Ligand code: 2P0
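As a starting point, one isolated chain is supplied in structure tokens, in the form predicted alone.
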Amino acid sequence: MTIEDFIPTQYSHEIQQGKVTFKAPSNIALVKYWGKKTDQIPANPSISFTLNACATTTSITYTKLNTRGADFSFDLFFEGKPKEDFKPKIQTFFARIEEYVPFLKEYHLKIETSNSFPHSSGIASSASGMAALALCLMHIEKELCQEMNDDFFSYKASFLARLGSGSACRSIEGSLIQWGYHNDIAGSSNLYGIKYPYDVHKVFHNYHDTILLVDKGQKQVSSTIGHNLMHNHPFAEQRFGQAHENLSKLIPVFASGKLNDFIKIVESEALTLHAMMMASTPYFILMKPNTLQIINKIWEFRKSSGTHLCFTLDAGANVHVLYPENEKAEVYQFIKDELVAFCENGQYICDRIGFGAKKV
């Protein structure tokens, strides 16, 4: 599909008011997206596990205005309270997507949103938040264009979410979502995420992700700034090539369930992400001492126990511990005994693979 496919020509129905609620999950990338082009186009493809417990629930109450507004009309509430400081981000998002959802200025929107995880947990909510918001807007558009099919609905929701936060396009569906054009992955696109189209071994069907909250403070360098630093990065092209190669390598790994090969790729991707940060100009480090302590503990335990836990990292200090269902008891006991001590206030979140957003 092309950008032009997402520009509506005319709506077939009229609606005066309504309310819709969607719950959208976060996701954790296995092959990382780092660096982007104009209009939130990724500099390299990525693939992610959709999560289940870490999610944002967003409601939109929409009321048609008497006359089309000169600007967007909306109120924003986060966990029941007005959230004025977040409104500029929504304003920017609406300006980006207006061409694709031209009804926006015809309605007043009351947006109410909340997260299943604590606001100060150090878990980024941009992916789940923008995905939930995009889905609510797509519900309104489907009311206006009732002949829209489900596949188009999902693709366009992912397309819109990407314009709010790149990784949000991977939070519409589950459980394994690929985003960014890749020569070996049929149907892949820079415009939206797709369900991974090839065989996936049963060992990956119930994968767990325990998120260790190492540092709940605000990052000293935002992801947006970090992405932009890839433009003149001395190793950018090599990194983009590596991401393509790792996605190709994962095709037989997902099919065969060879966890040792999975671990090598996933951990290398996590460390490469942070290596790119450390080698940028200006350089920066988002890992903390306890991040490294956890990584070393994981390596020691994996060697001594023969289990298949591994780590991945987001663009921050937190550690995602990934492990298969059949090793849950042993790995979880290790996490409680050895790793929780390195978390801020002993906090962690138990999550697992999920299957995408849901209308509530």
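Remember, predicted model here, so these are calculated numbers, not experimental data. Numbers for residues come from their place in the sequence shown, where the first is 1.
Not on display, but discussed next: the form predicted together with the named molecule.
Contact annotation: of the candidates Asn52, Thr291, Thr57, Gln40, the single residue with a non-hydrogen atom within 4.5 angstroms of the named molecule in the predicted complex is Gln40. With the named molecule left out of view, the stretch that reaches within 4.5 Å of it through heavy atoms in the predicted complex is, among 245-253, 216-224, 77-85, 101-109, 216-224.
Taking the partner from elsewhere, Ile298 is found to have every heavy atom lying beyond 4.5 Å of the named molecule in the predicted complex.
Mapping the unseen interface onto this chain, Tyr323 falls outside it, with no heavy atom inside 4.5 Å of the named molecule in the predicted complex.
In the predicted complex, at least one heavy atom of Ser126 sits within 4.5 Å of a heavy atom of the named molecule.
In the predicted complex, the named molecule lies farther than 4.5 Å from every heavy atom of Ile335.
Along 142-175, these residues reach a heavy atom to within 4.5 Å of the named molecule in the predicted complex: Gly164, Ser165, Gly166, Ser167, Arg170.
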